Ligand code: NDP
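Single chain ahead, written as structure tokens, the form predicted alone.
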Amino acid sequence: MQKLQSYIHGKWVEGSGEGVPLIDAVTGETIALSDTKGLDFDQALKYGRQKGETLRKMTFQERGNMLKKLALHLTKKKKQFYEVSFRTGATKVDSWIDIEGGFGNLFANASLRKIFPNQAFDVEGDPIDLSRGGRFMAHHILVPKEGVAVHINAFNFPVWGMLEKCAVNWMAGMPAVVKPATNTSFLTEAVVREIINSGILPEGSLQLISGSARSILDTVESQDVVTFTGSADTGRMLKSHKRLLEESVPFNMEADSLNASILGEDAKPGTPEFDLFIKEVRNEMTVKCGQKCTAIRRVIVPENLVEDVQIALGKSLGKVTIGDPRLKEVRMGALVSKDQVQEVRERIQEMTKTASIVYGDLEKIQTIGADTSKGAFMSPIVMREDNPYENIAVHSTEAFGPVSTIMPYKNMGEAIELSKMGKGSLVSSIATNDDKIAADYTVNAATHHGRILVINRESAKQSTGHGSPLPLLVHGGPGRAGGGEEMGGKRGIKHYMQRCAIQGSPTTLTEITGIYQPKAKYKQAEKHPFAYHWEDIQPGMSLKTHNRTLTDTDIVNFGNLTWDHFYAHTDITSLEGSIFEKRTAHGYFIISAAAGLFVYPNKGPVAANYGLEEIRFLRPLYHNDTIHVRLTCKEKVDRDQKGTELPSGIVKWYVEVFDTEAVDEEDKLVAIATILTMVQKKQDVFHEIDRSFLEEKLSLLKEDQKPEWGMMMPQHMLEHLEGSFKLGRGLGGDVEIITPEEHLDKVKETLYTYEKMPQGYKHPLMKQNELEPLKHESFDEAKKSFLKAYDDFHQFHQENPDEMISNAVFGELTYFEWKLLNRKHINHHFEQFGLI
């Protein structure tokens, strides 16, 4: 029997023992053996800490793009994971949540790179002035911890459970050691194997232990982080581990959760909210066979609607087909194992000492395409507890399967109290179209739940549902639920970073944080800051402008232009009792005038004004006051190339407006703002193309020169490029655009990137696996004809500047876009022959 392998120390290894059988939940067959005997977990942790340096040194943008690349790669391979997932008892819908939901976590966390600075660590919050003069200050930074994230996961989500945690620690710059639950570890192993084979993650970023790892916490250190998902009993045992206490190792736990869903008093039968409520409860009972930490366990309804809910839920569950999850007609598969079925039965028996089963049968079950004697199948079970205040088993016992209990409430106060009797849950929900009821429940129940969803007709179509944790929201809950937090967007990433308060002068903290701090020393720019590309702009780079006097006419004209006729600008007879002394300049006129002083008029790398983040007017300015401006780079934020824009980044500029003639130092600064500009990045991937460049490279090209890839010889290459120039001025006749219209925009956008053309690309209009016949009699003639075609191309477009010429792959192209294509194309083939 084949053994599962673990991936540690940079290689796939097997244990030395006999192994534990892993069972197909549907057929009862043995899939593989799990064995970790003899594996050195201490060395695995040390290896992760050592190799983690590569991940720690990457910027947030690099980590985010890495996650995005990994998510795209895994999405292309998803079909193979579905086949494995069926063996855990999961239907296609169940598997979609686990597999593609896990990939979605990678995508979502990758997008967070946009809100982090362009460096390996984060700067948190606002600067704190520790001195009256502003020369001694403090800030907080967060740096990646130098340990490993040890993830001990549950059996129910072998893919999502791993990736929702790893996506966060990878974004923080921390490697992971994943220990999945043994009985579904074969699916986790399949995904990890594909991740490792992709080569996208730096080595050491991910290690896998496919089986038991009882001693894994024995050597954790203070820089490590441990997360656990599973039963509260196991979680408490791990949390009290001697090593965790000695080393003060952060421990995050997600445990049992008796989640409650409340039917609002207004949500009577016949309302959309009643139907949505029934649908939500049914889904949470049957998706993953109710084996979800967020599933609805307690169904709390108005006492006069208990019978209605019981009947409606029974009818809805009656339509659920159970059996082989591979079959399209099956809506609920199997539990993870027969042992799990037995455990759920035992929990039900505990609760039925006071509650009664009103739907389902523990002994009888009908299945499609499966043998109930071999698979871990179970009927959905609905119980009813009419006295939930005295009979508390329903608030303390979780049957981790397709089981929910209906219970009554008299008023919203009782509903809130009953929800709290679960002693802390991951999620609660309420179905109501009355926002006052929703507000009452949410505010008063929030202390006992990690997330609360309001279900109503307005949000129904877009709602992700009661049981769906989302990457950008906190996933965790108080009390019984473990008191931990996972995911939560930027908040979650911080769990894997060390917060450190830093103190010093503004100039020193500017250098440490990479963000300009007010009152730091300026770095006088040698030329106008707007004349630099994004890479060459540095925080602190600054420009002082010349002066401008604000005239009475300026203020009146600005009011007429904007229709802003506030009395301080227009009616100087009404200033008595106000803070203004005479005709006052509009605040936005001051900022506009400031822009007029610092904006660089020439065309350059600054592509556009990107917005305004903050603005403050510290005191009024009056007519005949004179101002000057200090423009300083505050921060740089990387940005993905988008659409038909050349690659660019965002620069945040700190704008200080000064009253030039103010006597007192405190009165000089009159306004501050942070403006954003989109600044083009330097193009240093391709050689720019002009005739002298072409002549120089052609002089180096030999007729018999061998290519570094592909079949072309030098003359074939020149004639191919010559043909491209001719196509670029419309000499190709009616060109058929072969790219599907729905993909055309995305394909054209690739012209604007600084990414090279792929080697060995087969152009769809060229012969495949054979060379085109040569057109020119000699190599020298081909050179001359190539240069002439280049000249003719540019002359044509200079005479016809608005002409659009079709390209078979990229569609209709402007002169500028043809030049982008030619630059990539010529660089590609010149590199093919070693000319560049």
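Predicted model only: the values in this text are computed from it and were never measured. A residue's number is simply how far along the shown sequence it sits, counting from 1.
Beyond the structure shown, there is the form predicted together with the ligand, which is absent from this document and is the topic of what follows.
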Inset, instruction - Can you check 204 to 212, 137 to 145, 302 to 310, 659 to 667 and let me know which stretch has heavy atoms within 4.5 Å of the ligand in the model of the complex? - result: 204 to 212
Inset, instruction - Considering only heavy atoms, tell me if Ile128 and the ligand come within 4.5 Å of each other in the model of the complex. - result: no
Inset, instruction - Report yes if any heavy atom of Gly479 sits within 4.5 Å of a heavy atom of the ligand in the model of the complex; otherwise report no. - result: no
Inset, instruction - Could you confirm whether Ser261 comes within 4.5 Å of the ligand in the model of the complex, counting heavy atoms only? - result: no
Inset, instruction - Answer for Leu561 alone: is it within 4.5 Å of the ligand in the model of the complex, judged on heavy atom distances? - result: no
Legend entry - Listed residue (Ile579, Val443, Met711, Met237) with a non-hydrogen atom within 4.5 angstroms of the ligand in the model of the complex: Met237
Inset, instruction - Tell me, out of Pro529, Pro180, Pro471, Gly728, which residue has a non-hydrogen atom within 4.5 angstroms of the ligand in the model of the complex. - result: Pro180
Legend entry - Stretch 136 to 170: residues contacting the ligand in the model of the complex, 4.5 Å heavy atom cut-off: Ile152, Asn153, Ala154, Phe155, Asn156
